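Quick setup: one chain, the form predicted alone, written in structure tokens, and binding and motion questions come after.
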Amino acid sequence: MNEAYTNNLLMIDLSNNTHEILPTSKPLTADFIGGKGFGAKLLFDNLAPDTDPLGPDNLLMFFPGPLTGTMAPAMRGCVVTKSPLTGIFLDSYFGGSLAAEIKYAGYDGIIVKGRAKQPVYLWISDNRVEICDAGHLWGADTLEANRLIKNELDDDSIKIATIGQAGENKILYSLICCEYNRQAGRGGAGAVMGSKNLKAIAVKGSKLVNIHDPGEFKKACQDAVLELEQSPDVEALRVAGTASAIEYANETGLLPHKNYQYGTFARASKIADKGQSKHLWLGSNACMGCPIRCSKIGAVRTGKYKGFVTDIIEYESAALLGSNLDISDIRAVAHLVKLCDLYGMDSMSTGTIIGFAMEACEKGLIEAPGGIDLKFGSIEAAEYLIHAIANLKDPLGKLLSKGVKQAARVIGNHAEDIAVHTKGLESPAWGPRGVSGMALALMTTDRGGCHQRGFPVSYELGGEWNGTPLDPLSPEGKAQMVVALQNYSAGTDTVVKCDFGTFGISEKTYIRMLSAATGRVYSSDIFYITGERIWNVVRLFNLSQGLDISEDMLPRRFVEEPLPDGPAKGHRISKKDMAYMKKEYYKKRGWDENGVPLETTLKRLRIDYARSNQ
């Protein structure tokens, strides 16, 4: 049948220096569609309990979706593995052009297992798959490695994923830099890549993505673009990207300041779109084939850090390396983000771990390295710690390289009280003390502290969900909303969409594009059903890898310390609130009181069937 699936999965075994092409099975596409769904199912089926995330048995998987590489707007790729930072499921998403190139090479996914004896990179050109020596690339930063490989292969059009020195050193929150300057950022996929002695994956394809019904597909894509054009949220992104969220978060008391001690920052506008437009931006930019154009291209042109090219400083990076550290010079924030990108290190986790270190030093829990004034507002201290962490160059850098959860445990003496994470993943830049639904979303995320598994903030602050009034400070009625948002997010992450696409594209239009591309008939609630199936499979995987129910909780800062500023001043998410929401959530999910999916839930979702038809 003519369809958007290539029906090929490329499996590469670095230990044995071999590769094979596996069929993309019909049960896999039927029950899990693609992207996150493929990753969840394959990880669950193939990883034994207690698999070492940095061992050869862990899988590192790159997936486009069935709509990636077509004219469907705002499609991306994802990396799926077991996280070395959290010890549980990890999926991380990237834009740019690499994911489409994987499809053009003829694959629904690339799966890497084993460990090479020495540094290597993969060269994939359609059916040609080579494991090449990368000894000369080891030690290069992410962008330099990209340049060197293109020179070596004499082709600037190749699309490449690389790690930097952080991934080589297996920093637990290192990332994978994808073509071009787009990151699979959270949870340490770069460390998994480094543990396999895999410096890069270079891909070039010459094949077309087939479409089952080209006429209907074109119409559906045109409608999707029209929906995006008519969305005021998309227009706002086109003008100012996610940087505009800085002032929104500040006004609503959700912006982290000084390691989340506060929810507002007096100088927020300096790191928001106004400050970025003045000091950085020169024009708009977009991922491949995306009409949203939410990114920017520019340069730091003045001041101490002048002389390098940058793009937009996204909300999360600006908040966590800016306001969270009490730094308001956007040129300095851009410099810190650039260092993270070159080393291949998640700027979100890095910002949180540096904020933790600054507060720990302030409270006398740790000592500053010689000659470093480790305090909030110090750009020099932040820069020093980025270098120290990525290069493991002193005891503090080595300690912080393990992430905030492990670092706090080693320090002891109440350091865990100021460690802001969920399930070991450093929290995103949305303090939840004034939005209890967001608190529940953070408590229950499948990969740890994450805002992309359902984002109820706009509904809570808007006062309603599907016509039902909402009190943002109340724990009541939040489970139904959070479960629905999580299911839809997981379901649409199978295609693999950009979250910003959902700001305009309707569920009906996504289904029309998917059906026309694959030739399959989907129910009107396919994304909710598939998302629920994925959520339960991931839950089973996480439980098998040692996840404990006690980890479905918020860090102490959000529970014991009332918010000192902003509209929700004086509010916190109490233990009673957490217990109430968690009980309601488990019931809505069809899980028992210990957070384990019930047999009736698994049977309804055909998860046993999916297991027996790999």
Partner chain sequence: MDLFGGYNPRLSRLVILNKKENLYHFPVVCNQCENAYCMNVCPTKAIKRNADGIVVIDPEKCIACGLCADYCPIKVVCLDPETGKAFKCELCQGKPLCIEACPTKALELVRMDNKGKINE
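All figures in this text were calculated on a predicted structure; none of them were measured in a lab. Residue numbers count along the first chain shown, from 1.
Beyond what is shown, the protein has a form predicted together with the partner chain; the following relates to that form.
Checked against the partner chain in the model of the complex, the candidates 236, 485, 529, 143 yield a single residue with a heavy atom inside 4.5 Å, and that residue is 143. When the partner chain is considered in the model of the complex, only one residue from 369, 119, 114, 205 comes within 4.5 Å through any heavy atom, namely 205. Using a 4.5 angstroms heavy atom cutoff to the partner chain in the model of the complex, all of 157, 217 and 285 count as contacting. Interface membership of residue 511, defined by any non-hydrogen atom within 4.5 Å of the partner chain in the model of the complex, is ruled out. Using a 4.5 angstroms limit between non-hydrogen atoms, residue 476 is distant from the partner chain in the model of the complex. In the model of the complex, residue 104 approaches the partner chain with a heavy atom inside 4.5 Å.
Taking the partner from elsewhere, residue 58 is found to have every heavy atom lying beyond 4.5 Å of the partner chain in the model of the complex. Remark: of stretches 178-186, 413-421, 359-367, 322-330, the one touching the partner chain in the model of the complex is 178-186 (heavy atom within 4.5 Å). Residues of 292-309 lying near the partner chain in the model of the complex, listed in sequence order, are 293, 297, 298, 309, the criterion being any heavy atom within 4.5 Å.
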